[in-house]
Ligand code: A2R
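As a starting point, one isolated chain is supplied in structure tokens, in the form predicted on its own.
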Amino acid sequence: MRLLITGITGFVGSYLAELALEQGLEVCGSCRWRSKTENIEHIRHRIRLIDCDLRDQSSVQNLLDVASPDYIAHLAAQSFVAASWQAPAETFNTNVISQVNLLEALRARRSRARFLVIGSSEEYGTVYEDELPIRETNPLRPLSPYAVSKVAQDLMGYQYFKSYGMPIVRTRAFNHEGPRRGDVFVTSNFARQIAEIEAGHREPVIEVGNLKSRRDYTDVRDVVRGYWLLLERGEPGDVYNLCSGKAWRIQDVLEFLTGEARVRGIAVREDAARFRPSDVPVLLGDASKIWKAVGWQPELPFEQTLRDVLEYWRRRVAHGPVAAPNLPMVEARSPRTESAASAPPKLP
């Protein structure tokens, strides 16, 4: 059996590739000529990489001709919420058009490959306290261009299932973290700053955005296990949350990581550039549906995840200063949108 992973060189794609190889699958992956391959160098000799621009229909057709997959996990995306505010058109083009091209190419081939749509808890957007924990039936009220693009991918998967009977399973994963996570994301960014402070590469100050948001975190190694179970046995047309059912404040994440630091007296400084125009105050999920369907639940405690992320950055920093990220790290809402009075009206 053969699995095609779009975005195989990315954070989640690399872990799914490792898991699939452990399961005895043949693994193919799409990548672009400029894709960084550091996440998969240790398994590169065991997988087949296929150059493809998913936004180009002919390139996608060639990808499927070469890969001829039995399963497809569509992970390739512009996945950084903050970047979607700066480049909404690029986010839509990358996330929505790429999936259209894949589904149209599969339909033209009359393929019966099982297809996993990778959605996000960001699709839920504005969630009210009486709606927690979030179930798959909760209304979708997206609050960023990225979230809107993921809603489009989600509903597109449902439409192709209903219209053409394609075996498409949809997911809405809540925050997932682990080693290899890009440093534009908050947990990895905190860990990198701490590692650089420990190494003497920066002053003992961590720059932060709003620390009040609460997020439901799961280890990426648990999430990819859930993805594979859904690819194998998830009900086509259905949608599943992947989450831990526990919420951490960003403040709690910061305090845990600084508590693990090898130096003391690290100060915290708020950086206005790290705020979003709007953000989701709390995301706390209910994973009972996926548990009943395929028996999945998280196994790795988030404390271990955070320790592993910090060790990952210590190893990277030990090889010398790491280049600054290309995008500003934005993790939370701006002060002007913080008050309840500014919240949008509750929708039916």
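Residues carry their position along the shown sequence, with the first being 1. Not measured: the values here are computed from a predicted model.
Beyond the structure shown, there is the form predicted in complex with the named molecule, which is absent from this document and is the topic of what follows.
- The closest non-hydrogen atom of residue 224 lies beyond 4.5 Å of the named molecule in the model of the complex.
- In the model of the complex, none of the heavy atoms of residue 160 sits within 4.5 Å of a heavy atom of the named molecule.
- The named molecule in the model of the complex is not approached by residue 16, whose heavy atoms all lie more than 4.5 angstroms from it.
- Of the heavy atoms in residue 44, none are within 4.5 Å of the named molecule in the model of the complex.
- If you check the named molecule in the model of the complex, you find a heavy atom from every one of 12, 79 and 181 within 4.5 Å.
- Heavy atoms within 4.5 Å of the named molecule in the model of the complex belong, among the stretches 193 to 201, 206 to 214, 69 to 77, 256 to 264, to residues of 69 to 77.
- 94 is the sole member of 138, 111, 101, 94 with a non-hydrogen atom within 4.5 Å of the named molecule in the model of the complex.
- Exactly one listed residue, out of 315, 32, 48, 292, brings a non-hydrogen atom to within 4.5 Å of the named molecule in the model of the complex: 32.
- Contacts between stretch 160 to 178 and the named molecule, counted in the model of the complex as any heavy atom lying within 4.5 Å, involve 176 alone.
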